[in-house]
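Listed next as structure tokens is one chain, alone, in the form predicted alone.
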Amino acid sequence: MSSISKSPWVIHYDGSSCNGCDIEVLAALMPRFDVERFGVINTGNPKHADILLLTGSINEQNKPVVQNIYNQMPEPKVVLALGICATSGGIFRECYNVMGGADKAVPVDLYVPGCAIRPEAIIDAVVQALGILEKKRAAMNAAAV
């Protein structure tokens, strides 16, 4: 993690969920947990984001939105499925309009289960994502040579 040359920026998108995980994502950004101590910055623009935090399940209406956000993010990028709904569809899995977890829309790098996911688990996942991002960046640089 020490060789990352810039602060990683995260963007958060909530699919169809109860919003419990969204509240916990916000808690991770608050001073009590302070994910910014790792240099993480929250952004609303996917063109600036390195890490996509997905909560909630995927359905036919939000699948194109998630894919659009993902496609706008520059390479390298990391996708985290946060909470049981984003990992597998969760309690909404049997609903007529739910397709499943985040991997039904975009490739997921890290699955973090929980209902609702704890802020500590979110911070741990973001720190792990920094390592994944660094490996992807190194692979891109090696391929470019």
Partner chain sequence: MSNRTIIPFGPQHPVLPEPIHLDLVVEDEKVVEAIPSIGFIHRGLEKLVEKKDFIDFVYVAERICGICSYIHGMTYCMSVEQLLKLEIPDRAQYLRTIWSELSRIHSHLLWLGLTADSFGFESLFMQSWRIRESILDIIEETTGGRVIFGAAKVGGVRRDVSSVKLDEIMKKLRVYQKEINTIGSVFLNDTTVKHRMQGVGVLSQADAKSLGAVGPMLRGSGVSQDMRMTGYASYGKIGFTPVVETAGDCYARTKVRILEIAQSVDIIQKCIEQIKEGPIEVKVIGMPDGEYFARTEQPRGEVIYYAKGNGTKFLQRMRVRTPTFANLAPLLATLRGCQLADVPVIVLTIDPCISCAER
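Source: prediction; values computed, not measured. Numbering follows the first chain given and starts at 1.
One more form of this protein, predicted in complex with the partner chain, exists but is not displayed; see below.
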Honest question, do P107, Y111 and I123 all end up within 4.5 Å of the partner chain in the predicted complex by heavy atom distance? no
Might C18 be said to contact the partner chain in the predicted complex, defining contact as any heavy atom within 4.5 Å? yes
I'd like to know if V127 sits close to the partner chain in the predicted complex, meaning any non-hydrogen atom pair within 4.5 angstroms. no
Taking any heavy atom pair closer than or equal to 4.5 Å as contact, tell me whether S88 reaches the partner chain in the predicted complex. no
Given that the partner is absent here, does P119 sit within 4.5 Å of the partner chain in the predicted complex, heavy atoms only? yes
In the predicted complex, which residues of 94 to 121 put a heavy atom within 4.5 Å of the partner chain? E94, C95, Y96, N97, V98, C115, A116, R118, P119
